[in-house]
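Same protein, same chain, two forms; see structure 1 and structure 2 below, as structure tokens.
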Structure 1
Amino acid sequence: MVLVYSDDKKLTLELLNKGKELAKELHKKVIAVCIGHDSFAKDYLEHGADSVIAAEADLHTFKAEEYASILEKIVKENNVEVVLIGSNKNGKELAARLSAKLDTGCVTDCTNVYVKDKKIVTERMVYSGNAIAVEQFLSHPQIVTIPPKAFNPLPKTEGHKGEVIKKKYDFERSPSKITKVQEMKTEGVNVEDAEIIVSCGRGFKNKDDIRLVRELADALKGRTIGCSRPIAADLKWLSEDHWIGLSGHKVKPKLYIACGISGQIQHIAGMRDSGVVVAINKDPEALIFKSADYGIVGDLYQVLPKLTNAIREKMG
């Protein structure tokens, strides 16, 4: 069996596509799992699952310890050989905890997964984007986490039939307690989907100056702005949904404009798959120019207004 799980429905549909492909090659079936509800069971069947296990359990909040305990049971009962888990923060800690319980291997954030000699081979970015590690499992079950957008979902097959198995699961309870869930301030930007991103870094002196980036983004009809880590994490001039890099979002727009960003490797890790990269920096030695197709060496306070005007004129 190939098992697919994420608490994010969209991501589960993407995993199902990959799960289906791996299952076919291994002559297995693919099961999707819902924990604590069965609301998406029909969607999962229509997007490729052979069956859905809806685990009924007396829990209301996510705790990796408890979810791992439930998945451990499902894996053992169903002779699962491959587990695909959605690589968001909850998914990653769940996968790792589950691997410890099952004393097996786990590879996180895989952007490619395939079968070789009946074993799963994975590829993932390491050394902050300097390399890709190709790894192969020596143990069972093989646990892999997959980030959003690595694979497309399968098209929907209306009325696709399959079994929905509702079953009650006991689990090991964690003594920890969730006391508060607070929505964080976000501006609802989705840099991952953006086609054009204008991004700002420490080269900006004041929060208000970010207006220069916004104006350029507007002129480009891209409207999406991004930033380096210090702008979101330390200065908090922009919310974390703008943050691009190793510990932020990974983006691949067709045009990425980096303004006042030095181009440290952890930033590059988040935007290296962009189409055309433009850099504006006053330091001719700035690393960002090495990762750029086009660059202007100059003060962003002079360059940006001129560039915005020139683009407005060009685009009419």
Structure 2
Amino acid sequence: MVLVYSDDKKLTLELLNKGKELAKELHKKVIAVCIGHDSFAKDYLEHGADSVIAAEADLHTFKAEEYASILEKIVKENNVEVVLIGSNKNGKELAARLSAKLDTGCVTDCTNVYVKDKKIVTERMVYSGNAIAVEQFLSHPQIVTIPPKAFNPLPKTEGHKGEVIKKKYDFERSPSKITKVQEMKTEGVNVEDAEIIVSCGRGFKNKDDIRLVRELADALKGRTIGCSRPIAADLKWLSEDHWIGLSGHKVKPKLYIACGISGQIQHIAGMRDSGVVVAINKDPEALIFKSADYGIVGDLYQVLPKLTNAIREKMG
């Protein structure tokens, strides 16, 4: 049995694609898990799950200890061999705790997972994206976390039949207590779902100059602004929800325009899955050009206004 879980619905749908593929290779079934509700059960069935377990539990907020206790029981009851967990903030902590409870291995942030000699093999980037580690499990069950955008969801199959199993689970109450939840200050930007991103880097001299990027994004009807680490983390010219890179957001837009970005490997790791990449930089030796489909060597203060005007004339 292959089990798929994330507290993020969209990420669960992405995991179901890979889970379905692994289950087919192993001649097993794939099950999705909802904890505390069954709201998404129908969607999970229509996107590839053979069955959905809706775990009924008296939970009011996410605590990795309690969720791991529930998943541990589900894994043991269903003789699960492979566990795929969404690699977001909660998922990473949950996977580590679950692997400790089950006394088994866990590989995080995998960009590829496949079956070889009836065992799961994982691939993930290491050394800031300079190498790929290929690892194989020696223990069971095999727990893997997968980041968003690694795989696309399967097409929806309307009316796909499958079983929804509702069951109440007791679990170990965590002695920890959440005393305060403070929402992070953001600008409401969602770069991870954007189809067009215009991104800025250290090539900009002043904060006000970022208007050139906004104007280009507006002309492209994209309106999504990204940036490299120095702009968000060092200079604070944009909030961290714009930050694209190994420590920021990983994106997969159809079009990515990098303006004044040198192309350090940490930034490339966050945008390497983009469809078409356009780079604008005055340094012809900038590393960003090695990852670009199209490159413009020139001063961004001269290139961007001309490019924006040309796009406005073309698109109206």
Ligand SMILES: Cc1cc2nc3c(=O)[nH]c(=O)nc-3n(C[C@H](O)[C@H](O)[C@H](O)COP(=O)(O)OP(=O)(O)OC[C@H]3O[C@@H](n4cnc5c(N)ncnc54)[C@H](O)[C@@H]3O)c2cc1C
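Here the structure is a predicted model, which is why all the values come from computation and not from measurement. Residue indices: 1-based, along structure 1. For clarity, a rigid core is taken as the largest C-alpha set superposing within 1.5 Å between two forms.
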query	finding
Structure corresponding to the form predicted in complex with the ligand	1
Rigid core superposed: S291 CA moves 2 Å or more between structures 1 and 2	yes
Cα displacement of K92 between structures 1 and 2 reaching 2 Å, rigid core superposed	no
Rigid core fit then I244 CA moved by 2 Å or more between structures 1 and 2	yes
Rigid-core-fitted C-alpha displacement of R223 between structures 1 and 2 (angstrom)	4.0
Rigid core fit between structures 1 and 2: Cα deviation of A310 in angstrom	9.2
